[in-house]
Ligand code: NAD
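What follows is one chain in structure tokens, specifically the form predicted on its own.
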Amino acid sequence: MTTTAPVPVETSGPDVPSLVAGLRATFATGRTREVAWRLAQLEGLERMVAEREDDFAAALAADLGRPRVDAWLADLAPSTAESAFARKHLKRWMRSKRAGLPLSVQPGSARYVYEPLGTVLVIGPWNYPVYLTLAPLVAALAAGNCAVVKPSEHAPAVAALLAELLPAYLDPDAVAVVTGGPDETQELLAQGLDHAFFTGSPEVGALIMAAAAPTLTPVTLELGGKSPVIVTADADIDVAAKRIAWTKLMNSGQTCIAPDYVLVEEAVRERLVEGIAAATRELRGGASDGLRIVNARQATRIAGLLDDHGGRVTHGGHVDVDAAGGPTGEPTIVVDPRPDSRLMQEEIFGPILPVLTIEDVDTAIRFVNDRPKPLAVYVFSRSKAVTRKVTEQVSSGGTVINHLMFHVLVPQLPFGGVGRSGMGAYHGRWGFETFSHRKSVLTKPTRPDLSLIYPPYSVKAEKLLRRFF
């Protein structure tokens, strides 16, 4: 995910050390550990999304120009689904798990339990400012933690709404919201919280990790990168084109797992390019105006990617930084840009789609593997051998075959990056475990108390110990 310059917003101006101290005091009471408390928080979050849908839709429209149905589909419905799934499975997740014992430790019993970390920090992004803030909060609450929520300053209307609603629907002594920008984030990280969860760009992720290092605060980093789409000649080109267009249009391409570029075999390249363009027109109902970009700085950066790329612009190509209703960019296809161009080096995070010609799937695999590990890899092919080869040989946060982005909606799967695209995972049980400590518990009887294990050791005792240990 690519960052932009801060949008001025009014900060809440809290006394951060006192706020964190209050959350820690709440955690020390033990009430957040109770299953009833955890379930009540999840129910409150779901009720908040349902009862205040109009307010969330209006805030998303103000910040991102997002239509109401897209607000529900991309931000609100997934937030509710994540919470409902956690609520359904929480009691099973919380159960202690038995473990075996080696002969050297018997007799006894072993188990491990999940305990909450304490007071944690969730730093949300601007591109899906509801879902990508609430989903990790769901995990933190399900695990029994107190939490500080730091919404993105680049989505000020949503940030203000979360600051108003979260204390009203959740336990206000256990969940706090701090608005503002990088200064507030740095101050929060300086408190030595028990975990920090960040969604954003690799560049800012590195700053988050550095700020967390002095206090040894563990971090989960949900980042981004250039997620490729590999299309082979035997793929269903019509379906591939429509699915690529649909996911690239979502939020104007400002999605961390959006298709960043396409690698397609030459035999079907022109058909795919025309299919994506036709699907784009169809999905937009024939509209020819540009898609909303979050702010002028982001739009200027996207426009710069269209300079000196060495490719052929077949559709679109215009970015309007000064549009009356906010910056916009046309859905744009660029065929065969130079691999060393900015367009192919930076995460696009906008409505531009480079399409590069490849000889075969092996060429595609080498191309992807020569670059930082992406957050997602998408493959369109009818060949199981091809899809298996890509899955096995390309390292990525996730792989989707014959579609795009849907893995983010599967709570049974871990969602996260690898390498530069992130560290750690969440969703469903994976999020519960991210915000929990797996504590081992070993119980030994007081009898028998074999003298064999205590010194001094005779020659015979040492031989027996070597056999058992």
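Numbers follow the displayed sequence, beginning with 1. Just so it is clear, the model here is predicted, and its values are computed rather than measured.
Note that the form predicted in complex with ligand NAD isn't included here; everything after this is about it.
Across the options 197 to 205, 83 to 91, 237 to 245, 322 to 330, residues that bring heavy atoms within 4.5 Å of ligand NAD in the predicted bound form belong to 197 to 205. Proximity of residue 415 to ligand NAD in the predicted bound form: non-hydrogen atoms within 4.5 Å are present.
Ligand NAD is not drawn, but in the predicted bound form it has no heavy atom within 4.5 Å of residue 144. Taking the partner from the other structure, ligand NAD in the predicted bound form has no heavy atom within 4.5 Å of any heavy atom of residue 137. Ligand NAD is not drawn, but in the predicted bound form it has no heavy atom within 4.5 Å of residue 161. Here is the short version: of 156, 225, 228, 351, the single residue with a heavy atom within 4.5 Å of ligand NAD in the predicted bound form is 225. The listed set 123, 276, 334, 120 contains one residue whose heavy atoms approach ligand NAD in the predicted bound form to within 4.5 Å, identified as 123.
Heavy atoms of no residue among 148, 173 and 431 are located within 4.5 Å of ligand NAD in the predicted bound form. Contacts between stretch 166 to 200 and ligand NAD, counted in the predicted bound form as any heavy atom lying within 4.5 Å, involve 180, 181, 182, 185, 186, 198, 199, 200, listed in sequence order.
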